[in-house]
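A single chain comes next, written as structure tokens; it is the form predicted alone.
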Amino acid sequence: MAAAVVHLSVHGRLRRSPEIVSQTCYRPSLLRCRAFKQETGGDDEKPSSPPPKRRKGPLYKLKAAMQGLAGSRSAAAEVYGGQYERAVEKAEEIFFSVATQVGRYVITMTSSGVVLAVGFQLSGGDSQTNALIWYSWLGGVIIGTMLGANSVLEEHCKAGPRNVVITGSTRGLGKALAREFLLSGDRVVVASRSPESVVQTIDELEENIKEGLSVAKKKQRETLLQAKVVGTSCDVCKPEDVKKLVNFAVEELGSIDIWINNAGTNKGFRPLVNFSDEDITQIVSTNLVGSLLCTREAMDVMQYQEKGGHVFNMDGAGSGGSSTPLTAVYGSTKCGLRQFQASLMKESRRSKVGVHTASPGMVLTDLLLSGSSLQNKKVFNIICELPETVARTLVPRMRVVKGSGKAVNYLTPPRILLALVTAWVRRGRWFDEEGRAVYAAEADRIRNWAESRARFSFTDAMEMYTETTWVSVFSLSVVCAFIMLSSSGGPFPGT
């Protein structure tokens, strides 16, 4: 298939050639958490030209007080303008990092202590029950500590770039996933049927990178200067195109660590008899046959790599075998992928290649909205999310996945619970009463994208807490529930 190639030059110009689409980002870096801003100065401005600013923070205040007592003004000037300032800044960063960890530990131990005290109060002083509570508390603390240590190891494993291939990544969730991987300093191959879409997507991602340059910190630059984005056109329904995509990725990146089969299509919500032959062929070819071909070629490369690799197939409506009226063709392809996943699990049991599923839930993309009714959109208000929000959750878990057969889901129990509890306030969140979209367009969302990533959501906090300390609190809660149930035959002690 004819395509166009794009290479990013040192000065930001684009050079095009007729075979493939490629773009390398060595100079630019991506900002992880702060909002994108533009610098007003030109390229000739030197970073050291602005006057030194007086730093704020406990360590700086302590140092300033010591210098005031010593009466050393020259030393103070040196502190705020030289190497010592950077050393103090580093020490302050370490101080607050340690303080954060200590704060988490205090909160965790306080929570378990409260539950422990309640258990002792309900036990009525019975020695056997008190011993049971102590053993449960000790076991919970040990297991919680092990989980915490595992999370620290996973954080360490997040370092280093991954080589990622994402099919169907020029719009919607695929493009959002590519952007999130780039934020982590990874090297990404984007692919789509249309060469023009690939070129446009690379340009957009590059623009996002440039906007983050003005506020990127040194540590972020060291991590994210490794980010690289390349792309090529590929029709996943054609075996020759898939082979070219694999060869292109290996040639550009050297290896493939993560392959995501994100390409998919649906032709709207309507009865099967209203689907044309072309519609059915395209849906089955893209969703099922395309995933089979891509997985085969990716595994064929990964099995010879020293560290193997991981393949993700996207779950969707019908993957669990449930009915999908008005989307019967789409649902059947997703159900077939689930059987395909189960078969691969046994085939690759001794392989270095991990085969996993990723479930994004309901995402506001063209694939979901095509042919949707007013009633569908009312449901979307409650359970749907924007592609950028879903990608922010999926990508960190994909990067640190281990073994095989893992399911990376966006709709975790805390998020489902939150959606159900707040359903009454979610009405009209994405669509009004007449079904008209009220959410911002993608271009407008991306302008505030980095700022929104910096905000720590309630569900993120719930999941972080449960991943590290839930065993301790849960075990104590079970003991207390047992005591309360066993005492239900009579009055509680002390009442």
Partner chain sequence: MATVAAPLPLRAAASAGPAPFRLSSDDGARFPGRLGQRRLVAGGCRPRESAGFRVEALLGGGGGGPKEPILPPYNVLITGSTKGIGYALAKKFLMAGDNVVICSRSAERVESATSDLKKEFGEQHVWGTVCDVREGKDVKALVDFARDKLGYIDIWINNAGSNAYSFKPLVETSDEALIEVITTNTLGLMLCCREAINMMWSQPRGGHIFNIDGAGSDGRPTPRFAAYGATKRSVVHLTKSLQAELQMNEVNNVVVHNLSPGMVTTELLMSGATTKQAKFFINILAEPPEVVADYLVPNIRAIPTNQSMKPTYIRFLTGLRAYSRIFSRLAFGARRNKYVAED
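No experiment lies behind these values; they were computed from the predicted model shown. Residue numbers count along the first chain shown, from 1.
Keep in mind that the form predicted in complex with the partner chain is missing from the display, and what follows is about it.
Legend entry - Contacting member of Leu326, Leu225, Leu132, Val118, with respect to the partner chain in the model of the complex [4.5 Å, heavy atom]: Going through each option in turn, the one that passes is Leu326.
Inset, instruction - Report the residue, out of Val400, Val250, Val88, Ile383, that has at least one non-hydrogen atom within 4.5 angstroms of the partner chain in the model of the complex. - result: That would be Ile383.
Inset, instruction - Choose one stretch from 180-188, 196-204, 226-234, 283-291: the one whose residues place a heavy atom within 4.5 angstroms of the partner chain in the model of the complex. - result: That would be 283-291.
Legend entry - the partner chain contact at Val395 in the model of the complex, heavy atom, 4.5 Å: Contact with the partner chain, no.
Legend entry - Interface membership of Asp315, the partner chain in the model of the complex, 4.5 Å heavy atom rule: Within the cut-off, so yes.
Inset, instruction - Could you confirm whether Lys307 comes within 4.5 Å of the partner chain in the model of the complex, counting heavy atoms only? - result: No - in the model of the complex, heavy atoms of Lys307 and the partner chain never come within 4.5 Å of each other.
Inset, instruction - Indicate whether Pro271 is a 4.5 Å heavy atom neighbour of the partner chain in the model of the complex. - result: Residue-level check for Pro271: yes, a contact with the partner chain.
Legend entry - Site test, Lys243, Leu367 and Val379 vs the partner chain in the model of the complex, non-hydrogen atom cutoff 4.5 Å: Looking in the model of the complex, the three residues Lys243, Leu367 and Val379 all sit within 4.5 Å of the partner chain (heavy atoms).
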